[in-house]
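Below you will find one chain, with nothing else, as structure tokens; this is the form predicted on its own, and questions on how it binds or moves follow later.
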């Protein structure tokens, strides 16, 4: 309110004898709430539960911050492309942006100006609880680019998101595996052959769309190579180091014989008929097919197995004995989650960045808001059992009744309850992972991508031409295809890009006294 209007308001107060406090309170009460939109990942639910939850949450946010929240979804179909296009579109209708440094291109989008730099003063003023918690753990440095903070890390939540195969222990037992336990990646050939021969309604591995798990799952368990999560070429991670030589950049796409061994195994699986002929173009829901006994394998990570797969399979396929084979199980080549596997940024185009941070702080740190946003309405979406576990009402089906907020960007251990739907052996699985998993050594490495972005785009084009076909075993001569791919990668400047990343690692390691 400018000075002239204040004078006019004072004159009105004197003329009408209205209390100044009452009038100013009335003016403030009429201020429209700020609409904040959070971009998240996943298919928007259509069961009405999201809208019902938001009605209750927004009533609280109106009181706490005079704000309301809505969600904008990047759906799973072609999500990598759609996510980056949305972030660089200049859309000022999105305020909070779900991100991650290992799968959601956080550093790339920060460099390209999609995220607002967040000063300490701004965070302390508008997200004070988040600031204090992350600061106490010393994790703000994990979110800095050129000395500026670009997102808040999900650094106070325990999980494993290392990938692998979900499979059926009952079928594996019948296929000849002792106690239904598969311990080597290539042993899935035997399992797949059994499913193909005895389960005519099921694919051994029904898989949808672009994927490379048939390659990377093998590579993880048969090398000591560790992927640099900071550098992507389209949907691919082209650079690795080895555990034996952690400061030298290499690539399993360009060096070694293991990619050929993986591709030959994939060809064998294709010849068996492990997946449908048009798998690359298939877009069905293979998770639901796993629950319906229409596929012998489904692929995702530990957290999904522990919190969804076991409960759903035990309910929908009693006696199926769901199991999890994580990639790298043979040699311990897998990592604990990094603290920026989930993170929350503020859009550089947000009209209300301060208010966006206030809303994020309230969702992350206010227990009642947190419970609403993560689990929904008590009694409808969840219940708390007499022994303090989070359960679900009778008749609840997580695959159709889920809340669907997909809040993977600021979860807090102190607000999480043990769930009745968690795998009974959850603690045992976590303990086994803890005993083997490595700490990712490059969390503070920032790769200077601007100079190599055109080359990375060209690398992406080559990999997109060959990797899906190698994954699905479609080349008659995998060795010739790999040689041809490697030549094309060399022709578009792969070595120059590798050398640039190597220079970044050299500088990073030297600054920390590592080499």
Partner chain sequence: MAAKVPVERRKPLLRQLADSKILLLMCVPAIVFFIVFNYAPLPGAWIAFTNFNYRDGIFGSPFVGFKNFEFLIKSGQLWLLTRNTILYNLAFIIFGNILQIAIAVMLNEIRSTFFKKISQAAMFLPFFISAVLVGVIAFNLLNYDTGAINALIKQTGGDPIKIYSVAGIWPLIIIMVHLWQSTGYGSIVYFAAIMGIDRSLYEAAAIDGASAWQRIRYVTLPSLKPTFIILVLFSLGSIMHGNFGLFWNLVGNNAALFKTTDIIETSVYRMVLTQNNFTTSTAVGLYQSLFGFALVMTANWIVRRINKDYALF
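Small disclaimer: the values here were computed from a predicted structure and weren't measured. Numbering follows the first chain given and starts at 1. Heads up, when I say rigid core I mean the largest set of C-alphas that superpose within 1.5 Å between the two forms.
One more form of this protein should be noted, the form predicted together with the partner chain, which is absent from this view; the next part is about it.
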- Query: Thinking of 169, 429 and 436 as one candidate spot, does the partner chain come within 4.5 Å of a heavy atom in every one of them in the predicted bound form?
  - Reply: no
- Among 183, 179, 400, 281, just one has a heavy atom within 4.5 Å of the partner chain in the predicted bound form, namely 281
- Would you mind picking the one in 373, 105, 392, 140 that has a heavy atom within 4.5 Å of the partner chain in the predicted bound form? 105
- Taking the shortest heavy atom distance, is residue 241 within 4.5 Å of the partner chain in the predicted bound form? no
- Task: Would you check, heavy atoms only and a 4.5 Å threshold, whether residue 203 touches the partner chain in the predicted bound form?
- Result: yes
- Does residue 454 reach the partner chain in the predicted bound form if we count a contact as any heavy atom within 4.5 Å? yes
- Is there a heavy atom of residue 70 no more than 4.5 Å from a heavy atom of the partner chain in the predicted bound form? no
- Choose one stretch from 171 to 179, 256 to 264, 338 to 346, 84 to 92: the one whose residues place a heavy atom within 4.5 angstroms of the partner chain in the predicted bound form. 84 to 92
- Item | Members of 232 to 265 lying within 4.5 angstroms of the partner chain, judged by heavy atom, in the predicted bound form | 232, 233, 234, 235
- Message: After superposing the rigid core, is the C-alpha displacement of residue 75 2 Å or more between the shown form and the other one?
- Response: yes
- Query: Once you line up the core, how about residue 347: does its CA shift reach 2 Å between the shown form and the other one?
  - Reply: yes
